[in-house]
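In the block that follows, a single chain appears as structure tokens, in the form predicted on its own.
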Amino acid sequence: MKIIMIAGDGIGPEISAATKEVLQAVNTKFKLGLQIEDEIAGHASLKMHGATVTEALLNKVKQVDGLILGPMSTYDFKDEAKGEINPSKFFRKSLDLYANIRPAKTYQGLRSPVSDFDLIVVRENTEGFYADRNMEQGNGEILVTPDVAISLRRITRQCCERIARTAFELAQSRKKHVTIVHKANVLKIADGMFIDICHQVGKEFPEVSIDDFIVDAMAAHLVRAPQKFDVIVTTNMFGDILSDLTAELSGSLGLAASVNAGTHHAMAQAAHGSAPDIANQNIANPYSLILSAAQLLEWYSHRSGKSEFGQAAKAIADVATSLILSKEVTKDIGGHLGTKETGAALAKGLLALD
């Protein structure tokens, strides 16, 4: 398996280094034949190439099996005409990574404000209200006058069908329960279509139960009783917001893993930002990117039919869980280790497996 790793901005280089150490350990343990090549994007690329991300890099990514994208200073990148392109958007759109899969669960030994839960938010990733990716050309936001702005939301049958199928396939291997989240009480046409299509796809999975909630009510239910949910499927913006909520409910946004998956490509990406205020201090939690890399291995296992990659992904998650319990982790989740030491502890735990 060939992987391109982009360290990113802010805390990106630190958590990427920890992630690479973990991948090297699991590569040794499971004989995966991983080949990891470092590349740059974000501020480093802007300085070197005049753009935060380049077509040459995209072409290289298309030739490998997966991409690991470290956190990017997305808010800094405002003018694409000056090469300030959002790398995350660029790869999601260019590689058609339509499914953003964000698991969240509670961990023994880590305090959570809610009851124990284990769920996945399946977020459509290529349309919705996201103005930088929902048009073939141009932008989905228009400034009509200095005092009037319009934002367009795109919802298509194709995107609804494929994100629904992703959710039901995941549920089939879990607790067989899909929850559709929407705002059809006011977005009657677009979200009405989303609900209808999810139910149509659901008929192909008769063992999976289906319910649906309006997004604001869903936020309340997740805080009150997250253990009632299994796989949550929703549109782009709602999924972005709810997955941050579920990550925080699990104990820390530093545990928020995600993979952006398409038919032919996938990108592991921590769900949090570049956190420049704590960069270069060896205190950032690397688990979000490490667990995202594990998801990438799992995706490749299904795509390639090579079970050892799935076994490696499970091993990373299992050792991470045990280290959280023993508090051999960063301070934000109750430990005493730095970023580098946390990665080293996880790598050591993997190499010590029977």
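Start at 1 with the first residue shown and count on from there. What you are looking at is a predicted structure, and each value in this text was computed from that prediction instead of being measured.
The next section is about a form of this same protein that is not shown, the form predicted together with adenosine-5'-triphosphate (ATP).
- Taking I278, M237, L152, L245 one by one, only a single residue has any non-hydrogen atom within 4.5 Å of adenosine-5'-triphosphate (ATP) in the predicted bound form, and it is I278.
- This chain is displayed alone, yet in the predicted bound form one of T106, S88, T126, S274 has a heavy atom within 4.5 Å of adenosine-5'-triphosphate (ATP); that residue is S274.
- Look at 79-87, 220-228, 249-257, 157-165: in the predicted bound form, residues with non-hydrogen atoms within 4.5 angstroms of adenosine-5'-triphosphate (ATP) sit in 249-257.
- Taking the partner from elsewhere, D332 is found to have a heavy atom lying within 4.5 Å of adenosine-5'-triphosphate (ATP) in the predicted bound form.
- adenosine-5'-triphosphate (ATP) is not shown here, and in the predicted bound form it never comes within 4.5 Å of any heavy atom of T52.
- Under a 4.5 angstroms non-hydrogen atom cutoff, adenosine-5'-triphosphate (ATP) in the predicted bound form has N285 among its neighbouring residues.
- The closest heavy atom approach of V121 to adenosine-5'-triphosphate (ATP) in the predicted bound form falls outside 4.5 Å.
- Along 115-154, no residue reaches a heavy atom to within 4.5 Å of adenosine-5'-triphosphate (ATP) in the predicted bound form.
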